[in-house]
Structures are given as C-alpha cells and as structure tokens.
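Next up is one chain by itself, shown in structure tokens, the form predicted alone.
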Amino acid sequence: MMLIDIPDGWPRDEAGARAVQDGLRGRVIAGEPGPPVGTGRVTGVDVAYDDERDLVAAAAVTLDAATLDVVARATAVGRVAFPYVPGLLAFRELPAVLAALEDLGTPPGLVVCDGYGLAHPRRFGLASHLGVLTGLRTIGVAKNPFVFRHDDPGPQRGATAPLTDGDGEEVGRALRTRTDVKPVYVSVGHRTGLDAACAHTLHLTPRYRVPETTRLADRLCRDALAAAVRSL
C-alpha cells in the first residue's frame, strides 16, 4: 500500500491552520452562475478515517451530470494530516482529497463536498478551501446544520429555509430533498451561487436524501480504507 505524503509546510496546530484560513478566505468567489443543472460532469468527494491506525482514505467519483452514470473514480490513502478540531476538519481531509482528484484522469466539473462551504464559523469550510486551492467550482452539502439555525422548511421536496448565523446572515439553506425527510444543508463553496447550489443538489437526489455523488464517494472511500487496513 502506498500512502500519500502530507504536503510540506502543512499546518500542524490550530494557530497555523487559522492563519491559513484567514489568508485564503478572501479569495472565495460567490455568485457565479456555474454550469446549467444536468450538464457536463459533477464529482463527489468524501473521506473515511481509521483513527486507531492514523489513516484517512479519500474518494472522488465523477458522474455524467445528465444521466448520473459513473464516468471515473479514484481513491487515495494517507496518514491523518491534522488533529480533530471542529471548524478545521479541512486540514485533516484535504491532502487525501486533492490526491484523489488528481488521480481521476478527467476534469471533475462541479465538485460536491460532504460538508460545508460558507456555512462555516469562519466562512471557509472544506468546499471553499478546496475550491480556492484548485480553482474548481464547489458546493457543500452537509447532513447537519453545524452551529447555524433555520426554520423548518416545508414538507415537500424542494422546500428551503435560510440557514443563518447569530446576526441573521444567510450562510446557506436547509433543503428538503425528499418529501417529509430531514433536509440537507447546502452552501456555496467557490465559484457558485446559492440558488445554483440548491438546484444542483436537487438534481443529484432523485432517490435518496443525500446526493448520488456523496453516496458513491462515501461507499468508495470506506472500501478503500478497508482495503488499506487489510494490507497493513
């Protein structure tokens, strides 16, 4: 098993990581329309951990946006690059995620992260961090609202409610992807707008609560981690 290297100069403590966030946060571009829904390609990224063995596995799965058929997939396994600190999870995940994206062998198109973009206490979650580092269009689709609040969206698929901070700033949206099922939490990552991010998320959830991109990447990264553990 070949493990990816942690990049030189990667932050090792909270102060260093927050300094990186502060230096990159201003480069986020929000509001670009992005590709029309159902066109081009869309890629999901996700990670799985084995904390006992200090391993992280990342997966990237690219789909044809029109058919949702798999076009390409790749994985990467490495040592966990950063301790667990809420709000700084990108520093644990990004080295492996970047390696998986690099191994895809095809342009990823819009990248859907299982996590947050601007819906982050420092307005710089994984989706935004990944987008700024790569220049790719990214969105975050999370399973919980983190530290933010929202009213309950209507019960029907497609209903939304603003996800807001303590000052009432909209940082994302609670989006109902299945009727009478708990919503997901959508936010801009980089080079997209919130309306477009929600529209893409609805297109990617024809059968389940979470996007197909996330479902497939989740399964693949878990399989990659299990294979890595077996090879030790």
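Counting begins at 1, following the sequence as shown. For clarity, every value in this text was computed on a predicted model and none was experimentally measured.
Although it is not shown, the form predicted in complex with the DNA is what the next lines describe.
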- [ ] Spell out, yes or no, whether the shortest heavy atom distance between V77 and the DNA in the predicted bound form is within 4.5 Å.
- [x] no
Open item on the list: Taking any heavy atom pair closer than or equal to 4.5 Å as contact, tell me whether R18 reaches the DNA in the predicted bound form.
Closed with: no
Open item on the list: Can you tell me whether V71 touches the DNA? I mean in the predicted bound form, with a 4.5 angstroms heavy atom cut-off.
Closed with: no
Open item on the list: How about R157 - does it come within 4.5 Å of the DNA in the predicted bound form, if we only consider non-hydrogen atoms?
Closed with: no
Open item on the list: Please identify, from 167-175, 41-49, 60-68, 27-35, the stretch that has a heavy atom within 4.5 Å of the DNA in the predicted bound form.
Closed with: 41-49
TODO: Could you tell me which one of V132, L94, A142, L110 places a heavy atom within 4.5 Å of the DNA in the predicted bound form?
DONE: A142
Task: Triple contact flag Y84, L89 and V147 to the DNA in the predicted bound form, non-hydrogen atom at 4.5 angstroms - done: yes
Task: in the predicted bound form: members of 97-123 within 4.5 Å of the DNA, any heavy atom - done: D114, G115, Y116, H120
